[in-house]
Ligand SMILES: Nc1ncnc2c1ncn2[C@@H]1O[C@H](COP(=O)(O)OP(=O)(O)OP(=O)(O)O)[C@@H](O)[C@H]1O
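Only one chain is shown below, in structure tokens, and it's the form predicted on its own.
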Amino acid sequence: MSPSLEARDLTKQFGRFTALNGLNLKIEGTKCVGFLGPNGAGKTTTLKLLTDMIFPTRGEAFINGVSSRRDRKRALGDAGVLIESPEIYSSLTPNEALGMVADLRGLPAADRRDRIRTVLGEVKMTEWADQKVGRFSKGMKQRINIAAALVHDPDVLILDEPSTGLDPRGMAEVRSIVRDLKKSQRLIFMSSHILSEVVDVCDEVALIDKGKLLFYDSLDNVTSRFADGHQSVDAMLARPVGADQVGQTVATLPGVSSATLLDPRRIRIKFTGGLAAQERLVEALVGLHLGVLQVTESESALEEIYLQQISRGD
């Protein structure tokens, strides 16, 4: 059975304030979905409703087809959850802290050592397994929190802004871990308000604002639907190029509406035509022998759509 998350008419009111308003969202399959929105949009409220940490005013949430409200133990048995980064006892080591979690999760004693070793490897903390957590940086503690969510080997992983509050190195480490976890046949649902994080890590994106879902789709489809027929990609180069060279070569390729040199080794290209045009564009770029190393979805494309959709709700 493919892992899934579903919200049906999910609504939460706190007095007169509506934090979530009739959310209908169904996610299926092994992938990483970014749950994007500004602060206060309803992201954490949604995650808490999905995991039965708070009760809905109306509607229902499901994990792998099981109602979180009606059968909480069974639903959450398939899910690893990290919401609002809990603190770890500073006097414990990762082995000890994860041992407590494994015990609470009911893992057989014979399997715990191997499972803890595995998850510490997944979050790149093996060498720190017997060091006191109190000595760790915030980013290292967050990696242990992610390991705790993985210790029972769930097929659904729910993360609430996992890199928020970390320094650039810590953020990069957490993103690298999430990218690696995508290879392990899990459904990862990750809330964030950091656009670059979603572009870097996620396959699909759902945008929420003021408690309402604005859209849910793949990143490619989102840019095709909302960017006025234009898409943007960034080309990373092995060698520096000049603006004149870019204007005489890249800017003249079929379907390209503009080519901007962001720095001597990075070009932002705006084009039309969807995925087929993007494929042809990449082939043409390689043919120009500019030393193209990588072509990625431009963060600016999602940023423009994000601001456009949020402003429409004002």
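On a predicted model such as this, the values are computed, not experimentally measured, just so you know. Numbers follow the displayed sequence, beginning with 1.
In what follows, reference is made to the form predicted in complex with the named molecule, a form of this protein that is not presented.
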Exercise. Heavy atoms, 4.5 Å, the named molecule in the predicted bound form: which of 55-63, 35-43, 252-260, 282-290 makes the cut? Say which one.
Key: 35-43
Exercise. Kindly confirm or deny that 17, 161 and 193 each have some heavy atom within 4.5 angstroms of the named molecule in the predicted bound form.
Key: yes
